[in-house]
Each structure stands twice: as structure tokens, then as C-alpha cells.
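Below, in C-alpha cells: the form predicted on its own, a single chain.
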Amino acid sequence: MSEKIKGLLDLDTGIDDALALAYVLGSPEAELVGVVCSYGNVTVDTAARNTLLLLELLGRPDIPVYLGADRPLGARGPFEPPAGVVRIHGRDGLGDVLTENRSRNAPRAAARRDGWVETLCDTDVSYVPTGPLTNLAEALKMTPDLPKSLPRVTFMGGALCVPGNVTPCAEANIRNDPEAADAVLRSGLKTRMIGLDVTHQVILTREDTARWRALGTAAGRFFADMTDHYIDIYEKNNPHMGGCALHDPLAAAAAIDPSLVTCLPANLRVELDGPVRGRTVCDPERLRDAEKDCEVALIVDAPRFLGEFLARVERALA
């Protein structure tokens, strides 16, 4: 049997982050060595609490959880999720399932405040950020040689050929910290962008969440209730989709099995000014460079991914 892929997730733990976590834990090829938390869907403290709770619920409280950035690089004050994000993910970040079940509000462990960069540097890990790229930008500042040693980073964010989801041209994770994303994409680090171009092609339905509820487990009920909240919002905001997009789980899946997506090699940058702030574009200064740092996913094998997603998440929830 081949050696397992060691994964380090970087989550702003809202609903689709929780689904990505369950996907990785249900993947036989993967060994999750830690979770770094960030702001984005929630505050960093809430992300850490949610992650600790989910790991306990899924039977893996042994996995270390780290506190990462609590605000964008240039921010002067603490981050608070906008009202629209609160509506999507709930006040607790997990579809308000925690609010309705108070007994799950206090995980037994505590998040660590340091050590994750050492894990990133000392271990041959597959690093998967599914929130803002602030943590990675900070790690690159601390460890300038990281692009030479770190394997390709698969991140969820951006939109190259489709509209954004927070502005007409910007995706939420990139828009939360455009300076951090631009620094990462210009650093020479090898990356793989799993953006809205592909995540809007993989849709979860209520029929799928009913399978989790039918498992009869606490985790199955929790994830079904949480994700049905997410689907409720999609039905109001994007009724044409027929369910919710699986943004973060697809990034986790593509890190484990890159053959799920077909990519365009490109050198990217992020627009930092004006109405297009947060837009991911091909960098005109590096357009003719023979070597391309980023693989931008534009095509996804949706049926294969969705089949594997349901099987792996069910394995984690059972």
C-alpha cells in the first residue's frame, strides 16, 4: 500500500469547511496532521471552537488545531464577519445547529497558538487553505525559502472565467485579503486554484443530506441539519443551482486526487485597487514566462467527485 498523503487544512470553519474536514477524514489515502484556523466565515476563535467540536464529533480529537490569523494583513481592527456571511453560515458558523444544541458549545480541548508553521516546514504535507490566504502569506514572510520546499498548495478561492460571489468580479476568500492572496500568487510558490469556475459545477442536494440523517448517528444528524441550512440560503440566493456548491470539499479532493480537475497553467495576480479589488487575473508581466506557478482548475469531473464525496463523508459520519 502506498504511503498516505499528509494533509494540513487551513479552515475558516463554516459549513463547507466542515464538509471538507469530513471528506479528508473519510479519505483512506489521507492522514490529517493538523488544522490551522483563520477568520473569514467566522472569527478565528469561532473557527477554532467549531473545528475542535467537529473533530470530537467525528471521533478525532487527537488532531492538533492551531490558531492562525485573526484579521487581514492590512487591517487595523478585529475582524467581524459581514451580515451576509452570518446569514449564509449562521451565527455560530455551522448553520446555527450549535445554537440549537447548547450541549455542544464547549469542546474539551484548546487550540494551540503556535507550531503550525513548523509542521508546514518540517513535514512533506499537502497544505490546503479554504479561507483567506493570510496564514500562508504570513508563513512566507517568516520562511522566505518555503516556495522551494513546500509541495504544490491547493487553495479554494478566486474566479478566472466566471463572475465573483461577493462583487461582480471577486470571490470571497480572495476579497477578504487581496494583499495576502497577491503576495502568495507572486511568491513563486507552486499553487493550484480551485475557484468558482469549478466549485459551482459540483452541487449537493437535500436528497444527499437525507442519506446522512438516515445513518442514525449524531454526526450524521448534525451534518444533515447544518448543510440543509446552507441549501436553504442557496435556494434563496441561487435557486437555479438546485442545491449548495461544494467549494471547500472540492479543494480538499483535488489536493488528494488532482486528476479530478483539468487546469490551465498560468501566472496570476490579484487586483488591489478600485471596483475590481480582489479579482484574480493572469499577470501581464509574467504572461510570456515559460514556467507557470499556478494551475487554475477550469474543468471538473463532477460525477466522479460527487460520488466520492458522498462515500467519504458517509464513512466519516458513520
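The structure presented is a predicted model; accordingly, all values stated were derived computationally and were not measured. In this text, residue numbers run from 1 along the sequence as written.
Keep in mind the form predicted together with a small molecule is missing from the figure; the text below concerns it.
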{"query": "Candidate from 172, 128, 159, 244 lying within 4.5 Å of the small molecule in the predicted bound form - any heavy atom", "finding": "172"}
{"query": "Options 118-126, 244-252, 181-189, 217-225; stretch whose heavy atom lies within 4.5 Å of the small molecule in the predicted bound form", "finding": "244-252"}
{"query": "Exercise: residue 41 in contact with the small molecule in the predicted bound form, heavy atom 4.5 Å", "finding": "yes"}
{"query": "4.5 Å heavy atom contact, residue 201 and the small molecule in the predicted bound form", "finding": "no"}
{"query": "Interface membership of residue 196, the small molecule in the predicted bound form, 4.5 Å heavy atom rule", "finding": "yes"}
{"query": "In the predicted bound form, residue 165 touching the small molecule (heavy atom, 4.5 Å)", "finding": "yes"}
